[in-house]
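Only one chain is included here, represented as structure tokens and corresponding to the form predicted alone.
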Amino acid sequence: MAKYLAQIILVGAQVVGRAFMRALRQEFAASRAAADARGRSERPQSAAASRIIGISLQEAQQILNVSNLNPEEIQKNYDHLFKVNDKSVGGSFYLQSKVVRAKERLDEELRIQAKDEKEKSQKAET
């Protein structure tokens, strides 16, 4: 009786282990496909900035509530959200850090766009 019980437990553990590994492989494949798709939708420099800073351009725009990359609007919304989420006035440090990361990401995108425009103007002159 103990022998059969041990065999049942062993077979059950093997089945669960295989199912878990299959699900894990599928999740890795889906994650890799999503990362590849996200990387293709952005310019290479922009995709690299998203990976370094940790948030995408779209997420940064949503956090700071901006639809286009207008530096004045970005700064205005950043200042407001930073002050509102200050810990000393009962705000959230987590949200404040998300606001800072969003501003960094948008500033990086503005820098990339300025660099691209400068390169285009230099090519047009030659």
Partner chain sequence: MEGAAASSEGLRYAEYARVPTGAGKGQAELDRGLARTMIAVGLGVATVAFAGRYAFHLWKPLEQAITETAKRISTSSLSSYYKGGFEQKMSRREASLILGVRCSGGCCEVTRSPLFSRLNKPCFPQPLLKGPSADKAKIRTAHRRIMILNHPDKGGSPYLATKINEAKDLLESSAKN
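Residue numbers count along the first chain shown, from 1. This one's a predicted model, so the numbers in the text were calculated from it and none came from an experiment.
Separately, the form predicted in complex with its partner chain exists; it is not shown, and the next lines address it.
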{"query": "Distance check, Asn70 to its partner chain in the predicted complex, heavy atom within 4.5 Å", "finding": "no"}
{"query": "Residue contact check: Ile74 to its partner chain in the predicted complex, 4.5 Å heavy atom", "finding": "no"}
{"query": "Exercise: Arg18 in contact with its partner chain in the predicted complex, heavy atom 4.5 Å", "finding": "no"}
{"query": "Partner contact for Phe28 in the predicted complex: its partner chain, 4.5 angstroms, heavy atom", "finding": "no"}
{"query": "In the predicted complex: members of 80-105 within 4.5 Å of its partner chain, any heavy atom", "finding": "His80, Leu81, Phe82, Val84, Asn85, Lys87, Val89, Gly90, Gly91, Ser92, Phe93, Tyr94, Leu95, Gln96, Ser97, Lys98, Val99, Val100, Arg101"}
